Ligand code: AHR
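In the form predicted on its own, a lone chain appears below as structure tokens.
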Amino acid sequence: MAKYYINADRRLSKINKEIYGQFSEHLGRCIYEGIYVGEDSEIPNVNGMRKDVVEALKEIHVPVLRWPGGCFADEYHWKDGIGPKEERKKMINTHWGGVLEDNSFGTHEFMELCRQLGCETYVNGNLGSGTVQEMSEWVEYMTFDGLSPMTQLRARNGHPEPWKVDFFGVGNENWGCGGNMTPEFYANEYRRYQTYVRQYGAGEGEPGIDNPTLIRKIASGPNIDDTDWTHGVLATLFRHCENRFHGHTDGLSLHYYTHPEGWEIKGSATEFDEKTWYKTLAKTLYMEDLIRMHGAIMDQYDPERKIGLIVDEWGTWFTVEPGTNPGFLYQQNTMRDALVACINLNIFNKHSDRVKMACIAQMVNVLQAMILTDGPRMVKTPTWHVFDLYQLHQDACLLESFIETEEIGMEEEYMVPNLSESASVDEKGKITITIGNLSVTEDYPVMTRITGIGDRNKVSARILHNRMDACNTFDEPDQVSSEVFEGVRLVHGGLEFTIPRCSVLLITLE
């Protein structure tokens, strides 16, 4: 029997709701068809946004949405996406699929989508091929409330009032598709560009990822384990500063995707064996090594942890579904993806003292999506159901917890712990526990001891459980969905339950 310990008297870091963020790029059918169908579409919509998709995303309380990329961000020129749609510039999306980009979804549409979702805005600016003036004017267009050419232009385009930009990324993957820069060159460019990401009408307070009155600026961070990039960028950013946190940077991004068979091959999203299952989960667990690795470097420059580590691209990346455009990155989503999400979210929760935001890639129809669409049809993926189970962690306080595990797997190189967990408590005292069983063959009894349980005596649970390759299709959209789990017993000082194989379990204690 696995022993699981939770100390409800020891509250650690806040789990920022932004850890449960989403990413939407002009890639494949993520924006067009997936989210935006236009006002004249026969698919029910509100101001062009699919009603079914928006409602499904509102169910999981999407806290923040990143847009327009991704690699697309560093070739995106925002003025192409404003004004009358028939007058907007048309272009070829050279990054993704070589298809026509008609710019019918631009700044106004993104802000409208975030309004409908009720979420924060994370705009990624173009440092790779754009100018300082272009970035400066975009921020002015979106956020300035005074008299200027940009505010007059915004008013002529139908929106006299400014919007709130919560996060602004100054470039994306500038070590690669964003310009193939060196870390020192990028950091110096960042210092220059971010100067003109002005805080129009912002409130007072110290800069930092947790100050919502300011635009929080995100620097382009490392690709996977490139510690030279992290060192080089931070050393340059803080050079000649009077203090270690000078208001230049509120976050440093990190990108890491799970490729079970490597970057070139990737492997099928639906056809895999148990060996590949464990290989996938083992590679997912590398996320924790990366957070510790880059976090240790960040601690040298920012020991007070005012700069957040922003994991704004993560998730599985498999071979595209047969017969689809290779540049659209459309893949199915199984219980394997659900366990990948479970592991990553537990890791982010556990490291919420440094990880302040994360955006899964991507929200609809691309990579590890929440939702898949086919014309008027829509399905919620197993990953959507994990985000549904985990949403109670948003803005809760991480609790000290530890679970005894055993190593499982089929190859020595790809052994994984059998269980993954995290626990939190909200402001009303409700305890939320999330546990994943990484085994495809074994159920595990768990004895939970909770210190400081107090008079909490109401327990409830939901579970996501199926075979490892189970998925939701347009013909069978509910094969994988969460359901009430009656197997948790409240005992003196804790809980007892058996967690089934290949499952994600949510327990709440009030």
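This structure is a prediction, so every number in the text was calculated from the model and none was measured. Residues carry their position along the shown sequence, with the first being 1.
Omitted from view is the form predicted together with ligand AHR, to which the following refers.
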| property | result |
| --- | --- |
| Option from 359-367, 227-235, 161-169, 417-425 whose residues, in the predicted bound form, bring a heavy atom within 4.5 Å of ligand AHR | 359-367 |
| 4.5 angstroms heavy atom contact with ligand AHR in the predicted bound form for Gly28 | no |
| Residue contact check: Gly70 to ligand AHR in the predicted bound form, 4.5 Å heavy atom | yes |
| Non-hydrogen atom contact Glu101 with ligand AHR in the predicted bound form at 4.5 angstroms | no |
| Contact test in the predicted bound form: His255 vs ligand AHR, heavy atoms, 4.5 Å | yes |
| Contact residue in the predicted bound form, from Glu75, Glu173, Glu112, Glu137 (heavy atom within 4.5 Å of ligand AHR) | Glu173 |
| Heavy atom within 4.5 Å of ligand AHR in the predicted bound form - the one residue of Phe328, Trp317, Tyr141, Phe272 that qualifies | Trp317 |
| Contact test, all of Tyr20, Asp337 and Tyr390, partner ligand AHR in the predicted bound form, heavy atom 4.5 Å | no |
| In the predicted bound form: members of 485-504 within 4.5 Å of ligand AHR, any heavy atom | none |
